[in-house]
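A single chain comes next, written as structure tokens; it is the form predicted alone.
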Amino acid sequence: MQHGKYRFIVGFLAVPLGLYALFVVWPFVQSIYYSFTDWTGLSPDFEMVGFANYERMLDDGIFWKSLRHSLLFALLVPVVTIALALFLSFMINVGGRRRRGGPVISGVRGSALYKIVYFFPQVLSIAIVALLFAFAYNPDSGAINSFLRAVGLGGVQPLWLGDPDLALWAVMAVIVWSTVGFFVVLFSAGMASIPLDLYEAALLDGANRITTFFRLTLPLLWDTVQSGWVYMGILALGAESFAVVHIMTTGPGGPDYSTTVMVLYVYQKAFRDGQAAYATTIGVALLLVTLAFAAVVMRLGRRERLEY
């Protein structure tokens, strides 16, 4: 059984590792290299400029704004999304009242329908979601302000995406709405694998819903929560934030750079301003932020593994 084991393993890993190195690792290496040049992205000619791009980045006020906004996305969006998803999935699976003739532990009435409803935004492209909410946030004809007028709150008509103090929060809300359904299904699958005997024992011991959630469900589901936290943070720092901000906001990134995030700033510098080298410098900073976020989450979330 041991004869040729390592050749067998290497044979299976060579192709995927080679593809990973070619399409993931090598672009990162190239980006770091180009960050030390003056490459415009439009010409094959460039010269080495040392740390000039990094010095420029540290003096760039817009970069610091985009960094601050990206950190807000990474810190707040995953926490709100996962907390809301945990609450909804708990209610769907084990948070219902005991019904006569039914199981001791069950979800709320209509839980199967709720799973479908919550997951529905995942069926839509993030671009479609952003467009729908851009219309909904319209201060004159949007659904939100129209609803406020219909209920007698005509004096409360926020500009939403036109207000520098509200625009970033409005964009964050869209990301939460579009992604929470995925985590509801993910956490529901994890909760469904927890033996009902544990919930019944907790019920016999007099534990209420809150105690059951924090003492039983969350510890047994922690590995899934931690993975979801990292995944959601990467989405908030990358593709999801870029798509929503680019489609919904004026500029994009406005008003007055109030919604500019790092990934959008990379795009603007590379493809709008023809400053590919400076864009890769910001991209290197984004890479460091993402790695630091993942490392902090994995370190803070480390705890003893529970089995059942």
Partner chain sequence: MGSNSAEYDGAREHGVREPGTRDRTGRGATGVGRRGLIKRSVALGLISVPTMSFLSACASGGGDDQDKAEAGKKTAKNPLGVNDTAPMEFVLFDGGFGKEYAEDAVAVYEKAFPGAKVKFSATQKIQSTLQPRFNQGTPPDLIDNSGAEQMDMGTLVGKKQLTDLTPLLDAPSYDDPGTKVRDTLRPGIVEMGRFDGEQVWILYYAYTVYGVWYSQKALDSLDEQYPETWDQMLAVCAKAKKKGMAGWTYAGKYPYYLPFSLYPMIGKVGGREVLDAIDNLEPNAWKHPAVKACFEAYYELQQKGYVLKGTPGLDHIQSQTAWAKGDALFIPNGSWVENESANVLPDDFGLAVSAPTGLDSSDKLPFGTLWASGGEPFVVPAKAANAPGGMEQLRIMLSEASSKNFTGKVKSLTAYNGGTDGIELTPGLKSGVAALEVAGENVVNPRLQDWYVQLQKEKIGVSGLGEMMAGRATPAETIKKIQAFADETAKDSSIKHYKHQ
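Because the structure is a prediction, the values reported are computed rather than measured. Numbering follows the first chain given and starts at 1.
The next section is about a form of this same protein that is not shown, the form predicted in complex with the partner chain.
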_For the interface check, one of 195-203, 157-165, 118-126, 209-217 should have non-hydrogen atoms within 4.5 Å of the partner chain in the model of the complex; which one?_
157-165
*the partner chain in the model of the complex: within 4.5 Å of a heavy atom of each of 93, 181 and 188?*
no
*Determine whether any heavy atom of residue 139 comes within 4.5 Å of a heavy atom of the partner chain in the model of the complex, and answer yes or no.*
yes
*Does residue 24 reach the partner chain in the model of the complex, with heavy atoms at most 4.5 Å apart?*
yes
*State yes or no: in the model of the complex, is some non-hydrogen atom of residue 134 no more than 4.5 angstroms from a non-hydrogen atom of the partner chain?*
yes
*Are any of the heavy atoms in residue 55 no more than 4.5 Å from a heavy atom of the partner chain in the model of the complex?*
no
*Taking the partner chain as it sits in the model of the complex, which residues of 272-290 have a non-hydrogen atom within 4.5 Å of it? Please list them.*
272, 273, 274, 275, 283, 286, 287, 290
